[in-house]
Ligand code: HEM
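The chain below stands alone and is given as structure tokens, in the form predicted alone.
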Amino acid sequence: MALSGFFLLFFLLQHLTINFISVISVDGFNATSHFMGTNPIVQIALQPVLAFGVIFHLMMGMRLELQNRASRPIKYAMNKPAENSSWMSRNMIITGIMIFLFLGMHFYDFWIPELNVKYLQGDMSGLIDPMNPDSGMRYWEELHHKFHDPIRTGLYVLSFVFLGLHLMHGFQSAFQSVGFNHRKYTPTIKKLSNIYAIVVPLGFILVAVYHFMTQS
């Protein structure tokens, strides 16, 4: 669970970096997206690993949740969970499921159409019009268009809030799970956890809001 979490933490940072380029440079985002979308190492080797990592992380989370519940079938007569743990740590399965539901929408918006264009239509050019070399690259336009709808943009923003709540506990929990727990370094890890859990989801939110606010 922790190792797959580390892998996804790295992926989120990389994904945010690429997405944030769309705010800075249209051409830069198009060039980066085309490279990632046509590079055989990324598409054939890394993309299946990423898909497996996401599914494995969710399955392990559900398995651990069931194990925790089975370990104490009879509830405490008096229980004040808020005094012993944070809301995030008690509801990781809820935030995880919300993120997984968001991934379904995200795949529907981007991943499935991309598979259709590249592998069903056989168009690896990345052009808006594959018959016109001067039509320009399609990646930024496709991303920008997805955020014309305020409801869809709101769903993305809400999903990133759930992501932040999930990361707030998951980041530091992953280090503890692999045995990295030291009174000298743990406070620093917790600070890094809070920074990561705020900055990364906020970055995704800024990208979504930017594209929504700049619709023509």
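One rule holds for the numbers: they count along the sequence shown, beginning at 1. None of the values given here were measured: they were computed from a predicted structure.
One more form of this protein exists, namely the form predicted in complex with ligand HEM; it is left out here, but the text below deals with it.
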- Message: So in the model of the complex, is ligand HEM close enough to residue 32 to count as touching (4.5 Å, heavy atoms)?
- Response: no
- Just to confirm, residue 153 within 4.5 Å of ligand HEM in the model of the complex by heavy atoms? no
- Query: Do residue 61 and ligand HEM come within 4.5 Å of each other in the model of the complex, heavy atoms counted?
  - Reply: yes
- Is residue 171 close enough to ligand HEM in the model of the complex to count, meaning some heavy atom within 4.5 Å? yes
- Message: Within 4.5 angstroms, counting heavy atoms, which one of the listed stretches 98 to 106, 140 to 148, 127 to 135, 114 to 122 is next to ligand HEM in the model of the complex?
- Response: 98 to 106
- Site test, 2, 12 and 92 vs ligand HEM in the model of the complex, non-hydrogen atom cutoff 4.5 Å: yes
- Query: Heavy atom within 4.5 Å of ligand HEM in the model of the complex: which residues of 149 to 167 qualify?
  - Reply: 163, 166, 167
